[in-house]
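In structure tokens, one chain follows: the form predicted alone.
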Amino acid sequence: MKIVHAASELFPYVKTGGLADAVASLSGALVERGHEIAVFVPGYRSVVDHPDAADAQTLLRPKIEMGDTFMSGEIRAFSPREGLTVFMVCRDEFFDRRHPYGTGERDFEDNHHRFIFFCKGVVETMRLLRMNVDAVHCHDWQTGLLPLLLRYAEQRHGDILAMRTVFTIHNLAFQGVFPMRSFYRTNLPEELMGIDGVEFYGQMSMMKAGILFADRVTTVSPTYAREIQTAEHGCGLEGVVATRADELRGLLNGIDRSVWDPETDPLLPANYSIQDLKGKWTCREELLRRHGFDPDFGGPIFGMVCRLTTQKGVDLVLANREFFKRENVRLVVLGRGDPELEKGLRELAAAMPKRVVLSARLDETMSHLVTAGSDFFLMPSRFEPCGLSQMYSQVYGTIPIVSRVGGLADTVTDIDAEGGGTGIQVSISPEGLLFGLERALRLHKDKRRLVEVQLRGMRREFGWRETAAAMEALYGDEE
């Protein structure tokens, strides 16, 4: 099949979280299964300047209708591998920025214009190049208007651009809600401004548009598919999701083993495998050394790689400062986000410089080292649609400590479960996390059992085979 993906992130060109990894690895898995894949991303500076894009060709310079005016754009494309083409929707005014969504402290004020332009650029490129694809797969709120814009363009021009549209909810908490006055930029019929259209409490919701108007709707784990139909996890859209409940599919993300594999990972100081774990100890020593700790430290190392938000349970970690003060452990946190949480972690690290360190940055190489060099990986999330880090940690022999939510519940079995598990499940509270941390201490002292749990995790596949096959059915004639 010919399949178009549209997303605001794509590894290795632009990444702020798991969305980039998921889109890249799913696209790669579909290429491996013989499909012709095109991925549309905004022409951010990091994409345009990436070495893969050095030979990018300019295919079009379309005029995009944006309300009562037309804005020029440029469509460039390159092919990083056979069967895969990356299309960049470029307009410097919108996308030539260092960060994709905001400054770190606040979102860009023109994000609604930026992503309306992006969605329209995808549609116009498909129309002018006569791509005639089997399916357009849209990811998260930034592409939520795309199914509507595509069908409206088909009506206007008397053409068929795609047989199916699929919309995947990667995180319902981010909804692309903007003042309704920005709707005019879409040039869609006014009747879509109502409650049966894109209206959400007097504003416009791009996430709602994707859920309502795509032919197929998916999310990224079976448990999250159930959770988002409840008031607790529906973020106000549970009623909208319920209207598509019969068609909603929870399909678990996988990981790209060409990128995340301790046997071959080029970002590690040493590789290792189930047959030989010595390289993991080398990674452990390097992780300690890089952060100013004694490389011969033998106690447990807790690693955390995430956006610093309450969603990720960073506040629960801070609430357990006495544990890190009392026990002879090390904590390495990599990430940035909420200024108050970042401040709290800096203060914790300053108070315990020999035990705690914060690296407040996005660093792909360091994320691999933290995953490989830690003994335990912290993910006490309040909600987690799928999560990839808990999968990475298991195949790297690092035991995840996770909340019983979303994809974490679907991919991590507790070590006390019948038959043995690969992680430690905790309840969402400071006390729940503390109990999990104390269980980790006991496990770390039992070296034989520790290795057994590590090896069970490393044997897990977390591949895309089943999900890719399910996606093929959605792209095709499944009803």
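Residue positions are given as counts along the sequence shown, with the first one as 1. Predicted, not measured: the structure shown is a model, and the values here were computed from it.
Not pictured, yet referred to below: the form predicted in complex with adenosine-5'-diphosphate.
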* Heavy atom within 4.5 Å of adenosine-5'-diphosphate in the predicted complex: which of C90, L388, L212, A225? -> L388
* To do: Check each of L161, I255, V395, M379 and return the one that places a heavy atom within 4.5 angstroms of adenosine-5'-diphosphate in the predicted complex.
  => M379
* Indicate whether the candidate residues P262, I399 and F462 are all in contact with adenosine-5'-diphosphate in the predicted complex, with contact defined as any heavy atom within 4.5 Å. => no
* Asked: Quick one: which of 234-242, 91-99, 329-337, 145-153 gets within 4.5 Å of adenosine-5'-diphosphate in the predicted complex, going by heavy atoms?
  -> 329-337
* adenosine-5'-diphosphate contact in the predicted complex: Q311, any heavy atom under 4.5 Å -> yes
* Answer with yes or no whether C306 is in contact with adenosine-5'-diphosphate in the predicted complex, where contact means some heavy atom within 4.5 Å. => yes
* **Contact test in the predicted complex: G17 vs adenosine-5'-diphosphate, heavy atoms, 4.5 Å** => yes
* adenosine-5'-diphosphate contact in the predicted complex: L84, any heavy atom under 4.5 Å -> no
* Using a 4.5 Å cut-off on heavy atoms, what residues in 359-391 are near adenosine-5'-diphosphate in the predicted complex? -> R361, L362, D363, E364, S367, M379, E384, G387, L388, S389
